[in-house]
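This document starts with one chain, in the form predicted alone, laid out as structure tokens.
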Amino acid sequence: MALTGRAALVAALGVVVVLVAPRPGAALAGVCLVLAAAILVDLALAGSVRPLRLHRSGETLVRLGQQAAVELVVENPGSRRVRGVLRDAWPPSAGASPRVMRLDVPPGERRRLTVTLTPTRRGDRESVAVTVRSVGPLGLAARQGRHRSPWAVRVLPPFLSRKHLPARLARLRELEGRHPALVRGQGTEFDSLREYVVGDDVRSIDWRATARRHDVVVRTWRPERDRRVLIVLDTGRTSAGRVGEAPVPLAGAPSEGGGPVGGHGAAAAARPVPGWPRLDWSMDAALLLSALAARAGDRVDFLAHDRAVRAWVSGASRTELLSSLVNAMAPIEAELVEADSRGMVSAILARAKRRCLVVLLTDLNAAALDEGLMPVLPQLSSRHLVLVAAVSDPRVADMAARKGTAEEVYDAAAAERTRLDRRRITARLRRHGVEVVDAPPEDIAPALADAYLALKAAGRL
């Protein structure tokens, strides 16, 4: 049961009657009896919310930053009209709107309501509960009930780095010799023969073909195809730090729960929008690299690991690769534990029997790498070509540049120490034959794609 504002207004009028009545005691008793009787009658005549039947339909997948519509059908099999309000409760990060909807369902009929979700986080967003308040004909009291109507919407990574794909594909076509400028890349697979021109490497001259044609002929090469790229995502504690600015607008979200309809949830105050976690930036870079490698004819596999395997995608076709990856990435969250580098390397070696390019998306945290990855790195780099990609924090560079006050000087010194540690660990990785990409959040995806193309051009992949 719930009382409405009209009941409070009637009670206030009753107080006025009591104050002006010659016999206040009798007047108070009379007002209370009349108000209680009216409330009981209103409750008796209000439509029952218990027999209501709820059905859902709508979208189950949406990219972060986009909207999804979820429909809720309310069916009234009872004998009385259900008139009031309905609240469809979702987690705050689902961004459900509107929070409260008017409801009027005659007996034996149904009504369709639509909730629009604007998620602010990846992952699975599930409905919490549906609370219905049926108001009586006098508007003094209402019946209230809570129903379960399960529905889940999976929020996929937005793949914002897709805008960099056309330029990288153009460079890939140049490497493969399909560009109109006929620029040939240095690869390891024989492509064709052509006449020698000034500037060609003399080592590429085909002497047998030259003898047959009585003209100097050179071999042209193209990057190898059907190679294997294994993308490894570190989901340990270092991937949880937020860096940069959030590229997807975050809308204010209502408070969570399935409490009484019409409850006053405090509005979120305006505050700076936090950046994405390193994990999300790494996912975005992995998607761009996967799309590029698939277009290059390479096989792409994906592994997410911290202390255990969180996701594994293997054998997906070129047309299904991105769909499989975003579905596997969507529910992954950073685990606040130290990553097990030894277990990660073991998982990689167990899944990659032949030599391939292993792209490890992690953080260049000196302490974590010294104790975790560095001792087992030779075991991995001796069998595979390893590329480590890390997202740097742009705030560190900003701190290092500010030296106006004493506090800023101390901050700048700490920032320089952090940058020195990253350069030191980068140098150590390269001494082990590991390629390293260290870039700010907005640049990590194109920088990783460029590193892949450079390996292709050099014939190392």
Partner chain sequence: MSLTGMGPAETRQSAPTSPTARSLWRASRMAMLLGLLIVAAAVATVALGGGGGPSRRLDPDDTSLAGSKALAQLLRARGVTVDRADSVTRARELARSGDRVLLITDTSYVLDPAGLATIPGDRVVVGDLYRVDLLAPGVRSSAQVGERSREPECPLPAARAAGSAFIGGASFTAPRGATGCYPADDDGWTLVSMPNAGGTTTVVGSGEFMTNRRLAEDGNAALALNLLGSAKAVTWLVEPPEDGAGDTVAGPDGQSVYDLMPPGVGWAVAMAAVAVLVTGLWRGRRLGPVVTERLPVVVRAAETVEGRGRLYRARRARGRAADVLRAGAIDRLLPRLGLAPDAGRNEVVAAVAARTGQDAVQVGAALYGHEPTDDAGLVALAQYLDSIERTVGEH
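Residue numbers count along the first chain shown, from 1. For clarity, a rigid core is taken as the largest C-alpha set superposing within 1.5 Å between two forms. None of these values were measured; they are calculated from a predicted model.
From this point on, the text means the form predicted in complex with the partner chain, which you will not see here.
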Q. So which of E245, E371, D215, E333 reaches within 4.5 angstroms of the partner chain in the model of the complex, heavy atom to heavy atom?
A. E333
Q) Of G315, P137, P98, G145, which residue is found within 4.5 angstroms of the partner chain in the model of the complex when only non-hydrogen atoms are counted? A) G145
Q) Counting only heavy atoms and a 4.5 Å cut-off, does the partner chain in the model of the complex sit next to every one of R171, S290 and P446? A) no
Q: Choose one stretch from 319-327, 196-204, 293-301, 375-383: the one whose residues place a heavy atom within 4.5 angstroms of the partner chain in the model of the complex.
A: 319-327
Q.
I'd like to know whether P440 contacts the partner chain in the model of the complex, with contact meaning heavy atoms within 4.5 angstroms.
A. no
Q: Consider Q66 of the chain shown here, and say whether it contacts the partner chain in the model of the complex, taking contact as heavy atoms within 4.5 Å.
A: no
Q. If you check in the model of the complex, is A167 within 4.5 Å of the partner chain, heavy atoms only?
A. no
(Q) How about A458 - does it come within 4.5 Å of the partner chain in the model of the complex, if we only consider non-hydrogen atoms? (A) no
Q) Is any part of 72-111 within 4.5 angstroms of the partner chain in the model of the complex by a non-hydrogen atom, and which residues would that be? A) V85, R87, A89, W90, P91, P92, S93, V100
Q) With the core lined up, does the C-alpha of E59 move 2 Å or more between the shown form and the other one? A) no
**Q.** Core-superposed C-alpha of L13 shifting 2 Å or more between the shown form and the other one
**A.** no
